[in-house]
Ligand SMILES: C[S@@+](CC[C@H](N)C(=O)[O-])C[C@H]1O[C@@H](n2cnc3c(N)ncnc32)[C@H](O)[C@@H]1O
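First, one chain by itself: the form predicted alone, in structure tokens.
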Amino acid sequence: MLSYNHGYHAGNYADVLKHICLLQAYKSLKKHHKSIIYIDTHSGNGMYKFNSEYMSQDKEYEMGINKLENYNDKNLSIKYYLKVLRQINNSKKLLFYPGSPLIMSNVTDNLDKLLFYEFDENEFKILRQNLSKKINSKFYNKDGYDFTKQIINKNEKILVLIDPPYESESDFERVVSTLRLINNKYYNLTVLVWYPILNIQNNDLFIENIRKIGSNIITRIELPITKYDDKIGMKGNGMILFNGSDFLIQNMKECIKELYKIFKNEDCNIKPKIQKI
């Protein structure tokens, strides 16, 4: 399983996929809605410096954003993502990696509302400091899955990022139960769920349990990085799109091919996929 503190993993290839997808989802919604509500269920602290204790330990960013930072090919989704990161850093060379709260607070406008959940008290305090000037943001030191217990206005368009650490199997189970609840009650939500591929059998079970929800508006994106075998470690990652637009899905189809070429290891024996489930 993964470490709860996202600083160990910030800027890795999983963050790249997740944040490109998030940015494209927001762009898609803003084509048709003047304002949205954005909900981040596992916010972290929002800012990760490359020379910090956490990031310098495993340097996962070297196999992630560092491999993409000088991208000069044609994919517009990747180019836009890098443009946003540089704007946040106020520098062509990245000095820190912004988490999803900092990314979204910089691309949204004051008509949007941003709700950030972070259960860890220390991370929560740092998050509030990092976003202290954002007047359209609210912060909750609570379990992020509980966002469904708040009053949700069905007339407003809502974008949700569910990005748990998957420290235990219960996170996979809670993701499925949350998607089932959303499918039954909240047609106006667009939901992005990030997940790691740690164990092939468990990954197949996770996808099958989502398929059993019985919705026709769920799409699976999967980016393999290394050979799918029984060795311990993350072999790739994916995104579940609930109620994703055709615009979002098409953009991610084009983008996933580029990311696969950039990040995959030589021994990778699985192709990337994007499919309805």
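The first residue of the shown sequence is 1; numbering continues from there. It should be emphasised that the depicted structure is a prediction, and the values quoted were computed from it without experimental measurement.
Although it is not shown, the form predicted in complex with the named molecule is what the next lines describe.
*Just one of F96, F119, F139, F172 has a heavy atom within 4.5 Å of the named molecule in the model of the complex. Which one?*
The option sitting close enough to the partner is F119.
*Give a yes or no on whether every one of G236, E258 and P272 sits within 4.5 angstroms of the named molecule in the model of the complex by heavy atom.*
Judged in the model of the complex, none of G236, E258 and P272 sits within 4.5 Å of the named molecule.
_D143: touches the named molecule in the model of the complex, heavy atom cutoff 4.5 angstroms_ = Flag for D143 set to yes.
*Is the gap between P165 and the named molecule in the model of the complex 4.5 Å or less for some heavy atom pair?*
Yes, contact at 4.5 Å.
*Please check if V193 has a heavy atom lying within 4.5 Å of any heavy atom of the named molecule in the model of the complex.*
No.
*Can N251 be called a contact residue for the named molecule in the model of the complex at 4.5 Å between heavy atoms?*
Because no heavy atom of N251 falls inside 4.5 Å of the named molecule in the model of the complex, the answer is no.
*Candidate stretches 96-104, 175-183, 195-203, 74-82 - the one whose heavy atoms come within 4.5 Å of the named molecule in the model of the complex*: Looking at the other structure, the answer is 96-104.
*asked:* Suppose contact means any heavy atom within 4.5 Å; which members of 17-32 contact the named molecule in the model of the complex?
replied: Those in contact are K18, H19.
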